[in-house]
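For reference, the chain that follows is the form predicted alone, supplied as structure tokens.
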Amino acid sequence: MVVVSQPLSTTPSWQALIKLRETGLVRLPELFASEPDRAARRAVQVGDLWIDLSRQHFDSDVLDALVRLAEERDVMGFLTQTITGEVVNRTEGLPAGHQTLRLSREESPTDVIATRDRMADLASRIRAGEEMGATGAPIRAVVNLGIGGSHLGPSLVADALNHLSQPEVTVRFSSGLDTVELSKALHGLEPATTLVVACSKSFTTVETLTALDNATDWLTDGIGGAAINHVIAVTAEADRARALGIAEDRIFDVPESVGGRFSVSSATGLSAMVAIGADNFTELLAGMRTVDLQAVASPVTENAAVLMALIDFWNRSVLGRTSLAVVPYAHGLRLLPAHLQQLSMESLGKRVTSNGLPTDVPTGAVIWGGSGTDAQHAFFQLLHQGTDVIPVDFIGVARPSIDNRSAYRSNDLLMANLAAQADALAFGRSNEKETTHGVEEQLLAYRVFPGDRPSTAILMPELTPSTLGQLIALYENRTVANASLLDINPFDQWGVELGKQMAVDVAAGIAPKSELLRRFQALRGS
């Protein structure tokens, strides 16, 4: 097992990176001027994804130092341990089992095949109108209850690949405690034709179990005592599901070694499988596997996930850029920023290294974003002319999911906006250029764009199950590689627990009352 003990700030590569930072960054316009073929040289391919890194602040010296860092921290060794099932989650003594779930049928363990087959059988019966509810009516709707990884990944897949949905089957998602959200998810549905899928690895998640109680009441109002037959549990704790009366054939296993934010390829993806179909879900897994294999097989200089992790490290830990904006120019990827928030911030939001000591460099950028031209009209002003330098991930799709002339025309405009924004951020506009546009002198300061703002562009040919799987797995492997550079554990999330436990104590009335609680109770009328 790889164990890194040397503090990062004492390594030769870190010292080299600090020296390069203090020497001063070469501006992006100058990098392009000195490297006429930069756009081609600084791009990398993984599967069907083409990734343009040319608008990031690195030259050959910076890249060489980053590659040496990856070698010193044995990033490739850690990625290999992750994919081969060694214990990499050291605080919990577990492997990271998510990549095992993406193996081909020939490679997969028998328990993985069994769960996948059960998922496919149920999803196919629902889509074909052959799965009957307690009253004999066919199931026509699935409502997924889950939060965090039990919600974000599956809802992303279902939304992104909505063009593959079965029109007669409704799949909806509800994640929170607010009953308004659940009411919206159940609105217009009939209990007799609805299945509720409760996703919780521990089956103790307050948000999910509270929503399940409310959903079960709704089912009971419609079909009486048979309501529990319309509930499916996706969990690593089958006994807790059985204790609620959920039948054995309605329980789907999630391995304990699979973290929530990495769990879309597990039974947590059941609702997504219903939405897109079992064969398409298999293609999603195959796309993920393509990237998993490249992440451990390609040398660092050609390895998309590792190169992107190195640039993340350079931006956040060395240059002090505290956030990353993710902007997909495709409506189908509108939920991607939210999924990546959990993936990255729960994995990299750590302050202690593998040896239990505080990390000596900054970790974990804030991930945020929005989709395409909506984002341009929301927060791009800050990206272009704000005082902070915020790296951006642009994601584009070359061909639309809808095959007609107007769809291609609109998609061409989306891609034109993506390319223009990437160049505008990188190259800006000077006083001289504005003067030639006839701008009055007193307005020049307002019309200047400093440029030199970094971005990465990820381009896929079209949004398919395979390319979506590749994109998700690229960010997963990128996150794990970044954690290896930082010598932190990307697979635990102890920071989530304190607030959850305190909320339980407050709700039970055993926590001291704060002024906030007293004011809430006064407003509530209790």
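Throughout, we count residues from 1 along the sequence that is shown. In this text the structure is predicted, and so the values were computed from the model without any measurement.
What follows is about the form predicted in complex with 6-O-phosphono-beta-D-fructofuranose (F6P), which we do not show.
In the predicted bound form, none of the heavy atoms of R41 sits within 4.5 Å of a heavy atom of 6-O-phosphono-beta-D-fructofuranose (F6P). Taking the partner from the other structure, 6-O-phosphono-beta-D-fructofuranose (F6P) in the predicted bound form has a heavy atom within 4.5 Å of a heavy atom of V496. Within this chain, D393 is remote from the site of 6-O-phosphono-beta-D-fructofuranose (F6P) in the predicted bound form, having no heavy atom within 4.5 Å.
By the criterion of a heavy atom within 4.5 Å, G148 is counted among the residues contacting 6-O-phosphono-beta-D-fructofuranose (F6P) in the predicted bound form.
S200 is the sole member of S200, S347, S155, T100 with a non-hydrogen atom within 4.5 Å of 6-O-phosphono-beta-D-fructofuranose (F6P) in the predicted bound form. Proximity to 6-O-phosphono-beta-D-fructofuranose (F6P) in the predicted bound form, defined as a heavy atom within 4.5 Å, singles out one entry of T290, Q342, S354, T170, which is Q342. Comment: 202 to 210 is the region of 295 to 303, 367 to 375, 172 to 180, 202 to 210 lying near 6-O-phosphono-beta-D-fructofuranose (F6P) in the predicted bound form, near meaning a non-hydrogen atom within 4.5 Å. Along 239 to 269, these residues reach a heavy atom to within 4.5 Å of 6-O-phosphono-beta-D-fructofuranose (F6P) in the predicted bound form: G260, R261.
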